[in-house]
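Take a look at this one chain, the form predicted alone, written out in structure tokens.
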Amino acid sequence: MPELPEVETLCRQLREVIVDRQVLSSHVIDPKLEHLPPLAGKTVRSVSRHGKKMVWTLSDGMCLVFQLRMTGRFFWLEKDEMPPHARLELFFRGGRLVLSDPRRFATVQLCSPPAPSPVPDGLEKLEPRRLAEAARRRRLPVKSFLMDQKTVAGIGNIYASEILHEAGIDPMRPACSLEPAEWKKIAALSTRILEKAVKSRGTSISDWRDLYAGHGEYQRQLRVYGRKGEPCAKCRREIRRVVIAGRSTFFCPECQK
């Protein structure tokens, strides 16, 4: 699933090719997106992101809001080739954008500009006190707490595992059990790790590709995610895998307490 670094990568690339360009025509391929009206004549004024949600502001004041969900990807194409699982085409001068989505979970809405979200974005400076207060009565695992999009927008399965490993915190601990010093670590490391992942254009361990079908590179820096049975980079103890709330979770039983 594209998480914050992957969506941020896509936004930065899209700004270079579609901002201040007019949509010449649109073609809905997937019947699930038939609710979209024709977009021809509208100019994309800006591309922004909050968490995993991407927002294009259009010249008529309306917005296109995209959530890529599990397998949604955008490709910029200048030739006639069509990627598999295409659901939507948007034509611009010089090329076209194709939304590809094997599982067809991605959503697209044309709507009024969304209200600002009160939930902090993962690339913002997180406030440890705010995290601690939100977790005060919550006994769910701290990993699930970090992945709750009502807590921090954008953190998903891969980066929650990496943040907690770097912070030395067991992902199964109840969120309410963490001390202020531990929330301070999590707040600082969340931003740091997400920023590093953005610089690497995200993590490609399954089907993530950027706008030009390129792989991300952060998978080379993963310390625990997907490394079951390998030695921990810190202590050399074997990395373990457990399932928390239906999601694979990787951690070091020695380093994370």
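What you are looking at is a predicted structure, and each value in this text was computed from that prediction instead of being measured. Start at 1 with the first residue shown and count on from there.
Unshown form predicted together with the DNA; subsequent notes refer to it.
S.K.: Tell me, out of 125, 103, 130, 93, which residue has a non-hydrogen atom within 4.5 angstroms of the DNA in the predicted bound form.
M.R.: The residue from 125, 103, 130, 93 that makes the contact is 103.
S.K.: 99, 108, 147, 187: which sits within 4.5 Å of the DNA in the predicted bound form by any heavy atom?
M.R.: Going through each option in turn, the one that passes is 147.
S.K.: In the predicted bound form, is there a heavy atom of the DNA that lies within 4.5 Å of any heavy atom of residue 48, even though the partner is absent here?
M.R.: Output for residue 48 is no: heavy atoms all beyond 4.5 Å of the DNA.
S.K.: For residue 151, is any heavy atom within 4.5 Å of the DNA in the predicted bound form, or not?
M.R.: Flag for residue 151 set to no.
S.K.: Residue 201 near the DNA in the predicted bound form, any heavy atom under 4.5 Å?
M.R.: No, residue 201 stays farther than 4.5 Å from the DNA in the predicted bound form.
S.K.: With the partner left out here, check for me: in the predicted bound form, does some heavy atom of residue 69 sit within 4.5 Å of the DNA?
M.R.: Yes - in the predicted bound form, heavy atoms of residue 69 and the DNA come within 4.5 Å of each other.
S.K.: Tell me, please, which stretch of 54 to 62, 205 to 213, 35 to 43, 188 to 196 lies within 4.5 angstroms of the DNA in the predicted bound form when heavy atoms are compared?
M.R.: Flagged stretch: 205 to 213.
S.K.: If you check in the predicted bound form, do 167, 220 and 253 all have a non-hydrogen atom within 4.5 Å of the DNA?
M.R.: No: no residue has a heavy atom within 4.5 Å of the partner.
S.K.: Between 149 to 180 and the DNA in the predicted bound form, list the residues on our side with a heavy atom within 4.5 Å.
M.R.: Counting only heavy atoms within 4.5 Å of the DNA in the predicted bound form, the contacting residues of 149 to 180 are 149, 156, 157, 158.
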